[in-house]
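The chain below stands alone and is given as structure tokens, in the form predicted on its own.
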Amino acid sequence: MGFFLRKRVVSSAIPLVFVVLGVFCLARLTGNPVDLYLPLSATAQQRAEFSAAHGFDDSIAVQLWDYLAGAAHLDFGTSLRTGESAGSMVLQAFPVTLQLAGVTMLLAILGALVVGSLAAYRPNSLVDRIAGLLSMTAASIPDFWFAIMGVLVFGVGLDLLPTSGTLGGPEIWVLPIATLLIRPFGVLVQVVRGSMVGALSAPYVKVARSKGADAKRVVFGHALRNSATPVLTVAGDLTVGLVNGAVVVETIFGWPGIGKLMIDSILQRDFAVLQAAVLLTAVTIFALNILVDVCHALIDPRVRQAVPA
């Protein structure tokens, strides 16, 4: 298991390095912060002093070295917008995103297990066809379109739900969670249904039925437990996608998470905050991928044996 874990860490760390270097270089293509933070009437001396104070007059290589050296000590610099520590700003926003993604994924998994299991218990029945239609539709709807329609219908048209912010009761969660939930729910229903159809036709399930086991025990006690591997793999990938894809939802709904912080940092050329936010997000995705691989290997020993030496 230790060898398997080391191989996964090394293979996953390489893309992390490219992400960090890529974001550092691409951020500078958004423009010179001097043009944004100083007035048009600023003199050449003022522009030079601003650049020198924030290290923008150094070469790209020197700026990259300073960034990597600071990141090694968890010092990501200060925000150009607020003067706060970039690391503290990111750490304040990231739990908001994790909370939103965690609640969403929990609801998606629970709902998909119930709907997918019911659909698989009676293949080609009315319940199965309805579940298939709804899951395919949910998996195909773009989240940005669903978010905009939710705001238009329930926020503007019916005036039932708030459309931005985090102040208020449980109703503030409805639209953001529904937007993030719809695609993972649709995909997981299809995965659960496909895995359960195969499991319910397995010999051990037939033996359980022949011994008089009731339907609930057969579905949830035998078949569902043995269908966990593909469901776990897909759920892990979808969780990573939720953390990474919360940018759209947080921007539309004004949710003060890491996604909105990234967009604001790009628009305002706040390089330090952007780099810290991307690095923390990349490390989190890296850790989630490792966790999914480890759980998969614990459930199915063949995964560990398949890793080449």
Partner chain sequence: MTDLASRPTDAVTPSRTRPPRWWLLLGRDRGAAVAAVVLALVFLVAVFGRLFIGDRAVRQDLGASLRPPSLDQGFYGLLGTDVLGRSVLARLVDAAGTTLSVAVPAVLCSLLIGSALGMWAGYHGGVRENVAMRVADVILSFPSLLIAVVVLYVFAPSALNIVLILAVARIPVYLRTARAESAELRSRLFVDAARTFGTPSRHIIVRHILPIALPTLLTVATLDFCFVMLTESSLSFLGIGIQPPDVSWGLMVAQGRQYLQTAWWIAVLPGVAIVLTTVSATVLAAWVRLATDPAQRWRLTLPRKRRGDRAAVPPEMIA
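Residue numbers count along the first chain shown, from 1. C-alpha atoms forming the largest set that superposes within 1.5 Å between two forms make up the rigid core. Just so it is clear, the model here is predicted, and its values are computed rather than measured.
Although it is not shown, the form predicted together with the partner chain is what the next lines describe.
K.L.:
Do heavy atoms from each of 178, 210 and 223 fall within 4.5 Å of the partner chain in the predicted complex?
P.N.:
Contact check failed for every one of 178, 210 and 223.
K.L.:
From the list 174, 114, 91, 141, which entry has a heavy atom within 4.5 Å of the partner chain in the predicted complex?
P.N.:
It is 141.
K.L.:
Find out whether any non-hydrogen atom of residue 26 is located within 4.5 angstroms of the partner chain in the predicted complex, and reply yes or no.
P.N.:
Because a heavy atom of residue 26 falls inside 4.5 Å of the partner chain in the predicted complex, the answer is yes.
K.L.:
Any chance residue 63 has a heavy atom within 4.5 Å of the partner chain in the predicted complex?
P.N.:
No, residue 63 stays farther than 4.5 Å from the partner chain in the predicted complex.
K.L.:
Taking heavy atoms only, is residue 68 within 4.5 angstroms of the partner chain in the predicted complex?
P.N.:
Residue 68: no contact with the partner chain in the predicted complex.
K.L.:
Even though the partner chain is not shown here, does residue 262 get within 4.5 Å of it in the predicted complex, heavy atoms only?
P.N.:
Flag for residue 262 set to yes.
K.L.:
For the stretch 241-266, I need every residue with any heavy atom inside 4.5 Å of the partner chain in the predicted complex, listed N to C.
P.N.:
243, 244, 247, 248, 252, 262, 263, 266, in sequence order.
K.L.:
Determine whether the C-alpha of residue 190 shifts by 2 Å or more between the shown form and the other one once the rigid core is superposed.
P.N.:
False for residue 190: its C-alpha shift is below 2 Å.
K.L.:
Determine whether the C-alpha of residue 243 shifts by 2 Å or more between the shown form and the other one once the rigid core is superposed.
P.N.:
Yes, residue 243 moves 2 Å or more.
K.L.:
Comparing between the shown form and the other one on the rigid core, is the C-alpha shift at residue 163 2 Å or larger?
P.N.:
Yes; that C-alpha moves by at least 2 Å between the shown form and the other one.
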